[in-house]
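We begin with a single chain expressed as structure tokens, specifically the form predicted on its own.
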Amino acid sequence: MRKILYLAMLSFVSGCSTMEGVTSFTSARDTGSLHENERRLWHEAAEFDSTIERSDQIYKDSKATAYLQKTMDKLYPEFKGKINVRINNSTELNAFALPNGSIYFNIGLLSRMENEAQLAAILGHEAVHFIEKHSFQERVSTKNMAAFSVSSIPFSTLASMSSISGFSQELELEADKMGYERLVKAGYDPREAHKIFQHLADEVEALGIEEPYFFSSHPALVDRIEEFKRLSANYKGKGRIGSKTYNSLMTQIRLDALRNDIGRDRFKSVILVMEDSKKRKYYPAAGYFYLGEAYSRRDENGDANKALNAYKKAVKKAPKFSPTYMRLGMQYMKSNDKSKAKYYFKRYLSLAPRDAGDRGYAKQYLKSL
């Protein structure tokens, strides 16, 4: 597996020169005739696809995946069947393209978006990397090759570097411009494009994040925002935004993103989202449960009360979400309020699935009370 990851890395990190005589794909038919080096690159990308699948990183939601694929096919109908979109079960705000036409979209980025037009803006950009053969154009420098041959690289690092450091500024700008043109041609409102980058820039600043985010650092995000504003300044049409369908399909994805963030102790991100009314309105009410979990994990002065209040909001706004009752039962058991603890444990048992892992604990707590 180390060899596979290393070979995949060669396709995605910053290179030293542009290949001469590289011609862009014009349709799916062109992908049948590849240069020998391109075939090798595609093979490495296919190995990377297999690695991702074996590492259980694919988020399994057939309806959402089909929706993303349909959106891509609207943007690039001549490449239908050759550009394949998958959802990656990562909460990092990221998306990345492989040289064989595989596009991966993280649930973290999907959860922050507000509509189909914003989704199309990112898909349009990523597809350009494939169509214009950006991976084939860029080669790994001797310095980078030595650095990455030392040991195997974690999947999350590979995924981040493939989209963020994989292409030069020139190629990223080309992807921006061509992706924008496809966005307009497909009938989407391009004025939505800059908004997702604004969300990312705000989050980078608010959280003081140093990890690589989609389209690199905060300054680069600001530049990207201004560029998309400039491109759409003269747009006078009424393009498609597509909020209703998009948000209905993102309900579970957003909950899973919150849960995954809690599992990785990214509680700051959960608090940022759920305490911001503009962001929170896109999240299901059960998100208050994860806000309570975030405050419990942070455990600063006053966070115990904030956690309790968040759990109470979850019970009120999402009364059938069983995990909240389990957590409240434990909270009241710790404070020796046996009556309330019993009530919440019983409610949990009445709502939780039969195979829920905490059912046994809830029964034991009830007996002890």
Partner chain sequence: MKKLLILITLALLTSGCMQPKKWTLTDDMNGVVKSKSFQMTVPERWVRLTTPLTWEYVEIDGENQSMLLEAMTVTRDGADLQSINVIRRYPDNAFPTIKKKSRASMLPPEVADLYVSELRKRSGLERLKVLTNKPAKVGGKDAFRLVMQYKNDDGLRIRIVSYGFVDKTGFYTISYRAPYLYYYNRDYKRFTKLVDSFRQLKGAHEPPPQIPGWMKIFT
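Note that the structure is predicted; figures quoted are calculated from it, not measured. Residue numbers count along the first chain shown, from 1.
Omitted here: the form predicted together with its partner chain. The next part is about that form.
Contact flag, Arg54 vs its partner chain in the model of the complex, heavy atom cut 4.5 Å: Judged by the heavy-atom cut-off of 4.5 Å, Arg54 is in contact with its partner chain in the model of the complex.
Classify Met274 as contacting or not contacting its partner chain in the model of the complex by the rule of any non-hydrogen atom within 4.5 angstroms, answering yes or no. Contact check for Met274: no, nothing within 4.5 Å of its partner chain in the model of the complex.
Residue contact check: Ile262 to its partner chain in the model of the complex, 4.5 Å heavy atom: Yes, contact at 4.5 Å.
May I ask you to check whether Glu170 falls inside a 4.5 Å heavy atom distance of its partner chain in the model of the complex? Flag for Glu170 set to no.
Quick check for you: of 336-344, 30-38, 296-304, 65-73, which stretch puts a non-hydrogen atom within 4.5 Å of its partner chain in the model of the complex? It is 296-304 that comes within 4.5 Å of the partner.
Can all three of Phe267, Asp358 and Gln364 be found with a heavy atom no more than 4.5 Å from its partner chain in the model of the complex? Yes, the whole trio is in contact, each within 4.5 Å by some heavy atom.
Residue (of Ala46, Met330, Ala318, Leu308) lying close to its partner chain in the model of the complex, criterion heavy atoms within 4.5 Å: Looking at Ala46, Met330, Ala318, Leu308 one by one, just Met330 meets the 4.5 Å heavy-atom criterion.
Using a 4.5 Å heavy atom cut-off, which residue among Asn115, Ser90, Asn100, Ser111 comes into contact with its partner chain in the model of the complex? Selected residue: Ser90.
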